[in-house]
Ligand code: CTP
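Have a look below at one chain only, the form predicted on its own, in structure tokens format.
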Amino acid sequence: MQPVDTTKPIIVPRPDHNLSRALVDDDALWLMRKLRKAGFKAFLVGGAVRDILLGNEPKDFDIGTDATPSQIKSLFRNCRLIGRRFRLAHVYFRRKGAQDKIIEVSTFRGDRPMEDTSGLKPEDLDLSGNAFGSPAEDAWRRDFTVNAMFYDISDFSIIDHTGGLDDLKKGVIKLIGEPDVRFTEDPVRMLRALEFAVRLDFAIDPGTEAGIKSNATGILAASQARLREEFRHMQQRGIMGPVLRWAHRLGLFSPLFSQAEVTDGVFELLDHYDRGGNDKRNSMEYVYVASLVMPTIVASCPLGPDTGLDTATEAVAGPTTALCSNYQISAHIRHKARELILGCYRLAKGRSYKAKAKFSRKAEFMNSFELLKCWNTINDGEYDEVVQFWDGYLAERDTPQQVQAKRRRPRRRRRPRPASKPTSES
């Protein structure tokens, strides 16, 4: 573990920085004030401090305190303790007509297990050895220097133990501690370094970048669930392409996606879907799955009019199923990704495809056509003829005359009801 720097932290008084409490969530301020009133320390920590100093709007407002998890829970009725490896407190705030807000409150962590845990309650116990510590120790346990700054509401100052303010000015993502140690502790940090660099348009410290390159295969030890969550965050932010392109240069991509044996075209496809709107990206995880494996599939099963759909179905199923199984992606998303790519094989048949009318009216048709047109651009117009055929087919199908003809379909005649038989009188 990185030894704690015993030198005094840099403390920036309120007049010398731009972090105003007016920019901090009201509920987060209320939590910190109540913790302080109860006799505990309470700081705004992590990404919220970084983002406000950069002039960005924070997504989350996390709080660090010297109160133990059980003490936090006793103070707030709307609190739930979570986590087995690290005990965290989630404080819930109900919002009308919107999703509940959650503010995370964590106890300052130290760099070694506590020798005496007799003063802790059972709900404080976790698998980390209950390494509670001081604010300085907590700062040195964090991942990157720009994420380790604190905002103290007692005097509205910024507290910097690790040099984060300097790295923030330089625009650099720098790991706290030795890469071999910190990346072994948590391999997901390697991917997060790239994500932060792309999100903030920062460079990566040369030592940190070299550490990622030398520890790249260690990403295999990371939790697949956590990795998938990181991918979903990148997808929602529209940065999947640049992050994974950087990961490829540093040797991370292959361990992450062994199913994507061919990378030519992968990042261009990801870039295309990154440019879509937020609403579109949030509901299209299957499109990113398809983008990752399509070049590999096409390399083994050519995309053309002579490829049988049975052959294509088998070729599409292998890499798509393997990737989804690896990251525990649902069968529904796997099916949609397979159908998206298989739709390109249907489209590639062009004029000879017999089910044109039926397929062109299916919901997935336009998504497959978009993927094919993007793949055509990446491959310098190799499929121009097919794209032009379908453009023409759709234009002809949707002419006013064709639409009017569909509306004039004859009504179905109802069969006349049989006359009722007279009832016999007794």
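Bear in mind the structure is a predicted one, so any value in this text is a computation, not a measurement. For every residue, the number given is its place in the sequence shown, counted from 1.
What follows is about the form predicted together with the named molecule, which we do not show.
Next on the checklist: Suppose contact means a heavy atom within 4.5 Å; in the predicted complex, does that hold for all of Gly46, Arg192 and Arg199 with the named molecule?
Outcome noted: Heavy-atom distance to the named molecule in the predicted complex: all three under 4.5 Å.
Checklist entry - What stretch, of 137-145, 323-331, 89-97, 212-220, brings heavy atoms to within 4.5 Å of the named molecule in the predicted complex? => result Contact criterion met by 137-145 only.
Next on the checklist: Counting any non-hydrogen atom inside 4.5 Å, which residue from His335, Arg226, Arg232, His248 sits next to the named molecule in the predicted complex?
Outcome noted: Spelling it out, the residue with a heavy atom inside the cut-off is Arg226.
Checklist entry - in the predicted complex, which of the listed residues (Lys101, Arg351, Arg237, Lys170) lies with a heavy atom within 4.5 Å of the named molecule? => result Exactly one residue meets the criterion: Arg237.
Next on the checklist: I'd like to check something about Lys37: if you look in the predicted complex, is any of its heavy atoms closer than or equal to 4.5 Å to a heavy atom of the named molecule?
Outcome noted: No, no contact at 4.5 Å.
Next on the checklist: in the predicted complex, is there a heavy atom of the named molecule that lies within 4.5 Å of any heavy atom of Glu385, even though the partner is absent here?
Outcome noted: Judged by the heavy-atom cut-off of 4.5 Å, Glu385 is well away from the named molecule in the predicted complex.
Next on the checklist: Taking any heavy atom pair closer than or equal to 4.5 Å as contact, tell me whether Arg50 reaches the named molecule in the predicted complex.
Outcome noted: Although the named molecule is absent here, Arg50 would touch it in the predicted complex, with heavy atoms inside 4.5 Å.
Item to check | Proximity of Lys59 to the named molecule in the predicted complex, heavy atoms at 4.5 Å | outcome: Output for Lys59 is yes: heavy atoms within 4.5 Å of the named molecule.
Checklist entry - For the stretch 15-35, which residues lie within 4.5 Å of the named molecule in the predicted complex by non-hydrogen atom distance? => result The stretch 15-35, when checked against the named molecule in the predicted complex, contributes no residue at the 4.5 Å heavy-atom cut-off.
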